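Next comes just one chain, in structure tokens: the form predicted on its own.
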């Protein structure tokens, strides 16, 4: 039931924005009573938090999958970019609302959160593996830059309705590949 509520809420939030995001609409779309909705979520802010955390979990799964084995730079870049595009294509309008309209979401961007530490740790390990070494401070910084480049490009493409644009995908893969192939000291 929780999954049905969160999925319905993500669709409504993405399609109708914060103004159209009501507990009654979510309950109806999820096929549950409003009482059942309130059993799991005391208000729409807690539901928005659940949507955000599900999205972060999906993003973390992409990075874990892509960095599970040492891939050459071009393959790693393609795996990361394609995975993030796929995650953000599920409900593309959702990201505009989460980033621009939903109140209190910015508080979830703690740079020292467990999510951020693990997420960027996977990127640093992948960069180091491409360079055939244990992660260094340079690899951590490059991992953060690559993560931020993918995040920014994919979020803005979602906002602009351009996630399916082949030129965006190829340009991002090329940029990430070039960065992975450079070998700083």
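This one's a predicted model, so the numbers in the text were calculated from it and none came from an experiment. Whichever C-alpha set is largest while still superposing within 1.5 Å between the two forms counts as the rigid core. Positions refer to the first chain, counted from 1.
Omitted here: the form predicted in complex with the DNA. The next part is about that form.
For the chain seen here without its partner, which of 141 to 149, 65 to 73, 120 to 128, 25 to 33 has a heavy atom within 4.5 Å of the DNA in the predicted complex? So the stretch in question is 25 to 33.
The DNA contact at residue 43 in the predicted complex, heavy atom, 4.5 Å: Judged by the heavy-atom cut-off of 4.5 Å, residue 43 is in contact with the DNA in the predicted complex.
Indicate whether residue 118 shows a C-alpha shift of 2 Å or more between this form and the one not shown, with the rigid core used for the fit. Superposed on the core, residue 118 moves its C-alpha less than 2 Å between this form and the one not shown.
Using a rigid core alignment, state whether the CA of residue 65 is displaced by 2 Å or more between this form and the one not shown. Moves: no, less than 2 Å.
Would you say residue 137 moves between this form and the one not shown, meaning its CA shifts by 2 Å or more once the core is fitted? Result for residue 137: no, shift under 2 Å.
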